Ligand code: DGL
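Shown next as structure tokens: one chain only, the form predicted alone.
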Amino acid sequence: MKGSIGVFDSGYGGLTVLKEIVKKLPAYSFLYLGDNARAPYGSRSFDTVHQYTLQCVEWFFNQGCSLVILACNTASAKALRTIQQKDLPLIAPSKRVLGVIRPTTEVIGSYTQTNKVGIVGTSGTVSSGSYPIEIAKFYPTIKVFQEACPMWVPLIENNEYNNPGGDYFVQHHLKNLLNQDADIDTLLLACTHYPLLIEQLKKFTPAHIKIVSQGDIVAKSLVDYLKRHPTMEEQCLKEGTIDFYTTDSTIDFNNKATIFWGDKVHSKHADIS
């Protein structure tokens, strides 16, 4: 039986990834779930993020999805490896869960000339050390500098980022990051919310620094994955549909999701336990 491709985030940021995936795979069907009732994940422990993420993955499986994308850096950093290695063999050995960190770290070396990469993300993603660890596997000569930006997500989700207060926090954290090394030439946005800050980031980032967001990278990686795994590709529904779910208020989700999706969203409520 064929099912939609599941796309998961703790909140709304995964919509920026889904938007890019749909551009490249418009014929496929997708199911988006935001665990807004328990967001944000960024400051939660590894065990809690794993528990919440696994519950949501199991929800996708119950909806008929065979492939789930964790379009959430915190979930990818704190839960993906355990789900892949320990949980899936027990609960769903034929299904697959992919994240956003590996596709990004596989290609980040192609953006930098100085081998100095700066990363901005949530506190959870930065403290996990996932990006420096994964980048070192593919590009051992790259030096990674990180900055946690705990205020950026709430500013974006409350549509308060495009004002002087938003500018202050963007400039503050960029300054902290870039002061770590003058030769940083690549800025990786290691949170799926952050593409909404692109204009402010450009305003406060030197022109020679490349700003890299993940949506297009993850979308290209998924296209490649489906080509390399025809058995999984055959299980994916191709009706060109997109269904949105949230664990919290559908009214709130629909209003805020528009910021990320760029169009009106009509969501349904999902009970996760």
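Treat the numbers as computed from the prediction; the structure is a model and nothing was measured. Numbering starts at 1 and follows the sequence shown.
This next part talks about the form predicted in complex with this ligand, which is not shown.
With a 4.5 Å cutoff on heavy atoms, G34 does not count as touching this ligand in the predicted bound form; it lies far away. The closest heavy atom approach of L187 to this ligand in the predicted bound form falls outside 4.5 Å. With a 4.5 Å cutoff on heavy atoms, G215 does not count as touching this ligand in the predicted bound form; it lies far away. Interface residue remark: V153 is counted as part of the site for this ligand in the predicted bound form, having a heavy atom within 4.5 Å.
Considering this ligand in the predicted bound form, the lone stretch of 223-231, 237-245, 66-74, 204-212 in range is 66-74 [heavy atom distance within 4.5 Å]. Counting a residue when any of its non-hydrogen atoms is within 4.5 Å of this ligand in the predicted bound form, the hits in 111-125 run T122, T125.
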